[in-house]
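In structure tokens, one chain follows: the form predicted on its own.
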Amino acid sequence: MARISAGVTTSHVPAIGVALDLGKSDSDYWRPVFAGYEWSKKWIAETKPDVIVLVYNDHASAFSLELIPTFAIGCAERFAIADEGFGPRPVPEVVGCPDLAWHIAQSTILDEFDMTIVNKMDVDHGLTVPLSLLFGRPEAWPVKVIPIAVNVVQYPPPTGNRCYLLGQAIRRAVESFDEDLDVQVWGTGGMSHQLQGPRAGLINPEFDHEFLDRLVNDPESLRSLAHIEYLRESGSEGIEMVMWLIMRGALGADVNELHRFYHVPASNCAVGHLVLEPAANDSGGPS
């Protein structure tokens, strides 16, 4: 049977991808950011997952204000790299896992989640930057990827509770798939940042560190955190952190923290990163 072996959270700051693509990762400014991922790069090279369910938000690349799915799952065999205005990033195309993706779509929809099924979708920095941070610059990504896009751009985004419950539903779906696959779930975006308005440049390390602690040790308390609290404490783009709750819900009630990294600033954002694994005796906990 398929199993979820680990969860990863990471920011997906677009400038991180630019720094990699332009060979600036070892500059004085960027070196501390990339140093925080060295442990994770070695870890994932050793664990070698078969599939990553990668939760991210599209930045008007695959979707626009004409079509805004709350949750969308990519079921294609391959996903092209989006042109975000400066040409596609020079990274490999993303290879999907259609059989498992369709199974997750079926299972979550029958579990009463309204998933939008997408059979053609270009993926942007929200998905490719996390892959680059953990896999570097390979000729081909060494893992299959199932993209799950979440609307955190146009109000109203899904609640933290709904995201957590979706994570639990994804776990049930994966564990009911009859192929022997090692699956990781990644939640991306965040941490505190605001890109426009009078509070542009806002970063709140105190909130970020508390969020990381609660995500690991008390995720139930984050399920009820209101949208306005994300906005007030972490800026207008901090709402991306609800996507981390999908990853956390998929791991079960208890986890082991393997790695943590936090850095300010990267561009005008705070960078947060966790590597977690389900506790050996955890059966998923109550829904």
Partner chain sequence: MIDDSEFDDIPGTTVFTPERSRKGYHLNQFCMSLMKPENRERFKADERAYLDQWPMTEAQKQAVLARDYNAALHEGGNIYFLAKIFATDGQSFVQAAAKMTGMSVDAYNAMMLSGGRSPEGVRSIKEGR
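Residue numbers count along the first chain shown, from 1. Owing to the predicted nature of the structure, the values given are computational and were not obtained by experimental measurement.
Quick note: we don't show the form predicted together with its partner chain, though the next part is all about it.
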item: Any non-hydrogen atom of Leu225 within 4.5 angstroms of its partner chain in the predicted complex; value: no
item: Its partner chain contact at Glu84 in the predicted complex, heavy atom, 4.5 Å; value: yes
item: Exercise: Leu65 in contact with its partner chain in the predicted complex, heavy atom 4.5 Å; value: yes
item: Partner proximity in the predicted complex: Ser236 to its partner chain, non-hydrogen atom cutoff 4.5 Å; value: yes
item: Candidate stretches 148 to 156, 173 to 181, 103 to 111, 209 to 217 - the one whose heavy atoms come within 4.5 Å of its partner chain in the predicted complex; value: 148 to 156
item: Heavy atom of each of His59, Leu195 and Asn268 within 4.5 Å of its partner chain in the predicted complex; value: yes
item: Its partner chain in the predicted complex - contacting residues of 195 to 216, heavy atom within 4.5 Å; value: Leu195, Gln196, Gly197, Pro198, Arg199, Ala200, Gly201, Leu202, Ile203, Asn204
